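The chain that follows stands alone, in the form predicted alone, written as C-alpha cells.
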Amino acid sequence: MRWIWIDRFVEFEPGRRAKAIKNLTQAEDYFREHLPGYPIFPISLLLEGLAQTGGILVGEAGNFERNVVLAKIASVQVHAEVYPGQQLEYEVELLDLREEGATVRGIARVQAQVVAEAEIMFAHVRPEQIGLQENFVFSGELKKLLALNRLLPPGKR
C-alpha cells in the first residue's frame, strides 16, 4: 500500500469498534495538487482512512487470516470540508461479520463536528483464491499500526 491514511489508533475494541486519527499538514502534496489555491482534504482520501480503520478492525476479527478488500461503499454523507492543520478522527463500528465479508459504519470528525459518514462493505479473500502465497493486505504497515497501539499504555495512545 502506498499511503497510510491513519497516524495511530486511539481506541480499539476487537470485534466491535476502533478509533484512529490522522493529522493533516500543509506540507502534504495533495493539498497543493487536489484543488490548487483551495487546500481541502480530498473526500476520497478521507474515505480511504475510514476504510483502512474499518479494514483493520475486520482483519483483526478474523486473526488476519484473510485479506480484507474494500468491496463497496454503500452510502456516504459529507457534512463539511476538512483543511490543513486539522486532526481527523475516524471511528468505525463493526455492523456485520460473515465468512464472505463484513460491513462497518464509519464516522469522521474534526474535533466534535461530524464531517462525513459512510457504510463500507468488505470482502474476505484468501491469498490462495487469487493465486498468492501470503496475505497482501496485512503484510505491512497497517498491521504495525495496530501492534503499536497495543504496546502503548492507555494514556499514551
Partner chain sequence: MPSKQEIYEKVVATLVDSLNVEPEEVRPEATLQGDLGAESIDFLDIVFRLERGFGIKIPRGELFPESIFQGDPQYVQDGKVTPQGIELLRQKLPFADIDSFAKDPQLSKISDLFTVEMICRYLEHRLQTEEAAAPQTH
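Since the structure is predicted, the reported quantities are computational estimates derived from the model, not experimental observations. Numbering follows the first chain given and starts at 1.
What comes next is about the form predicted in complex with its partner chain, which does not appear here.
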Does its partner chain come within 4.5 Å of any heavy atom of G62 in the predicted bound form? no
Is E119 a contact residue for its partner chain in the predicted bound form, using a 4.5 Å heavy atom cut-off? yes
Original post:
Is V78 close enough to touch its partner chain in the predicted bound form, meaning at least one heavy atom pair within 4.5 Å?
Top reply: no
4.5 Å heavy atom contact, V92 and its partner chain in the predicted bound form
no
Complete contact of A74, D96 and E100 with its partner chain in the predicted bound form (any heavy atom, 4.5 Å)
yes
Answer among 102 to 110, 39 to 47, 84 to 92, 52 to 60 for heavy atoms within 4.5 Å of its partner chain in the predicted bound form: the stretch 102 to 110
